[in-house]
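What follows is a pair of forms of the same protein chain, given separately as C-alpha cells and numbered structure 1 and structure 2.
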Structure 1
Amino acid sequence: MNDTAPTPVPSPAATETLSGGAGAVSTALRTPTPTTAKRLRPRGGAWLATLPLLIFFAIGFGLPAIAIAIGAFTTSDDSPGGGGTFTLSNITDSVQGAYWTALLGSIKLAALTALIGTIVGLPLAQAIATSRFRLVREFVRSGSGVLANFGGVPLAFMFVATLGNAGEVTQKLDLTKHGWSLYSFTGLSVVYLYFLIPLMILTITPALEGLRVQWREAAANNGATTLQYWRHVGLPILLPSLLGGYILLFGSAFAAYATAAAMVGASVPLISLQISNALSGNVLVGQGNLALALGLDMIVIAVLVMAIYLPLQRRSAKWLA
C-alpha cells in the first residue's frame, strides 16, 4: 500500500489536530484522494464538526469527573454519620497507608510494563511492517487486535493454568524450584505484557509503515549506517508515536483490574483493586466515597502523565511539519 500512495508522516491523527489548518493542507496535498480534498473548506465553521465530540466528551467524561470530584469531598450516603457533608478525610485517607502503597504500586507496574512493552513491541512491529509476506502482516495485525483486547479473568486463568503453581508448564519444567512464581510483581508483569505488546504493535505499525523507503535510501547514499539512520532519522520521526504508544500502554496497565484481581489479590498492591474493595465488597461498609477519592487520584496521575506527554509530543511534532 505504501508503495503506491505515499502515506502522510506517522501518527496522522495527532499531527492533524495539533498543527491545525496547516497540517490539514499539507496532508491533503500529500494524499490527493477525493475524501481529503473535500476537507479544504473555509475555516469558519470547522469547529462545528467537533461539536458532537465536545458534547460527547462533556457528557461521557465531564459529568462523571465532576461527580467523582464532588463525591470525593463529601461523606458516603451509607457512612455512619450520614451522607453528603463536606469532608477532606476521603482524600487524605486515599494518599496514606495501604492506599498510598497501592497507588505507587500501580504507577510502578504501569510504568515498567509500558516501558518493556514499548521496547519489545517496536522491533517486533518493525519486523512485521517490513515483512515481504502480506499474509504474515495481516495475520499478525489481526492477531494483535485480538490479543490486545484479551484481558480480565480469562487471561488470568489461562496463565494460572499454564504457569501457576500447578500449571502445566510450571510442572513440566519444574519452574518453582528455579524461583518462578506467577503470583508476584514479576509474574503479573509477564501477564500484562501478554496484552501490552500486541497493543504496542497495533499502535506503532501505521507509524512504521509511514517511514518512507526513500529516507532510508537517502541516508544510505550519504553514507549513514543503519544505526545512524535510526538514531538521526527513524527514531526522531517515530518519537511522537512512540510516546503516544507508551502513554496508551501506561493507561491500559494502570487501569487494568480483573486480571490482577483474579490472580494476585492483595499480594501486589494496586489502586484499581483497592477501589473495587472499597466500592463493591462484602466487608467494608460506607467506603463508596473513599473509592471516588481513589478514582480522583488516578485521574490526577493520568492528567500529570498527559501534561508531560503533550509538550514533548508537540516539540517532536515540529520536526514533521
Structure 2
Amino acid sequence: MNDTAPTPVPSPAATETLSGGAGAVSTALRTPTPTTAKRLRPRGGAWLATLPLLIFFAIGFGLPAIAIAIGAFTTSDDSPGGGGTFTLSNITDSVQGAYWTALLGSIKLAALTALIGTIVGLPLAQAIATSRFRLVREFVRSGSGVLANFGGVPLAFMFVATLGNAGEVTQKLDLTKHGWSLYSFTGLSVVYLYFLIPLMILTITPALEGLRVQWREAAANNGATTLQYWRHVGLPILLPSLLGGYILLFGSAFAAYATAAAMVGASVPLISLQISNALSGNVLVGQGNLALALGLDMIVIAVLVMAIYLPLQRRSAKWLA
C-alpha cells in the first residue's frame, strides 16, 4: 500500500503565472481578481438597511437628549422671570450641596462594586473557560445571563426577604447584632454584586477563551511558572478587556435606579434617586429644570465611560482575533 500522498499537479493557469518569475507572482498577488474586486466594492444602498435603526435612535435617544440639554440651560416655567430664558443656575445647582454629595455617592458605589466584581469575576470566568465539562460551561453561562439581567424591584424584594432586618438569613444567623444592615452603603453594594459579577463573567469569558494554548506552552517550554505566565503574558493581553469590563460594570452600577429606590430610599445618597425626587417636584421654586441638569450630568459621565470603553474593546479584539 502506498501511504505517500500524491504530488499535486499545478494547473495551466498557475504554471503560466509561476513561469513569469517573482514579478509576475507579486503582480498576481497585488491585483485583485474580478470576483474579489466585486466582493470588496462597497454597495451604494447598503446603508439603507441601517435607516430604521438610525430613525429609532434619533427618536428614542436623540430628541430626549436634546430636550434635556435645552432644559438644563433654560429657566423653568415656575421661575419669577418666566421660562425659556438662558441660565447656568441649573448646572451650578446640580453640582452643589446634596446633589454633589449624591453624585459622589453614585461614583463611589459604582467604582467600588465594579472593582470587586472585576476581581471576583475574573477567576470564576477562568475556571469556566478551562472547564472540561461542556454542560457546566453552558449552564454557568446561561445562569450568568439570567442573573446579569435580574434587577429592579424583584431583586430588592429577594434580598429584603433574606438579608433584611426580618429576613430569614438575618434571623437565623443573628446578623443584626454583628452590625449588618441591608439598608446601607455596604448592603446596597452586596446587592449590586449579585448582578455585576455574572455580568463580568459574560464580558471576560470570550477574552479568556481567546488566549492561545501555544502561548502557555511556549512559556512553559522556556521555564516560566504559571504565575510568571500570567504576569508577563496573560494579564498584559487581557488588560484592555479587564479595563473594558470594569468600565462596563461601572456604567451599569452608576445608572442603576429601581433596586436602590425600592430598598434604601433616601438613606444612601445617589444621583439617580435625586433625579427622581426632582422630577416629582421636590425642589425649590424656580428649580423645575434642575432634574434635567442632573440628567445631563449623568449623560456626560456615561459618554466619558463609553469613550474609554470602546477603544479598549477594539484593542482587545485586535490581540485576541
Partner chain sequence: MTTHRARTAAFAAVLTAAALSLSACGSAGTASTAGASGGAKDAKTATSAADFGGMDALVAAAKKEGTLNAITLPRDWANYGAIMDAFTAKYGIKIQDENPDGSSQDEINAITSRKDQDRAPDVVDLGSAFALSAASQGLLAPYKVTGFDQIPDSMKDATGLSYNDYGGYMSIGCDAKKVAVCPKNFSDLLNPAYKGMVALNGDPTKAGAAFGAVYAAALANGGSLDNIQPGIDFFGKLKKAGNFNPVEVTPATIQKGETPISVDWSYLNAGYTDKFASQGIQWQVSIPSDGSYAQYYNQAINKWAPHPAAARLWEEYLYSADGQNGFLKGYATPALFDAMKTAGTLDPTAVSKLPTVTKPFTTFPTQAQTDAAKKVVTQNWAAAIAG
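Basically, rigid core = biggest C-alpha set you can superpose within 1.5 Å across the two forms. Because the structure is predicted, anything quoted here is derived from the model rather than measured. Numbering for residues begins at 1 and runs along the sequence of structure 1.
**Student:** Quick one, which of these two is the form predicted together with its partner chain?
**Tutor:** Structure 1.
**Student:** Treating the chain as two rigid parts, what angle does the smaller turn through between structures 1 and 2, in degrees?
**Tutor:** The computed domain rotation is 14 degrees.
**Student:** Can you read me the CA shift for Ala58 between structures 1 and 2, rigid core superposed, in Å?
**Tutor:** Ala58 C-alpha displacement between structures 1 and 2, core-aligned: 5.3 Å.
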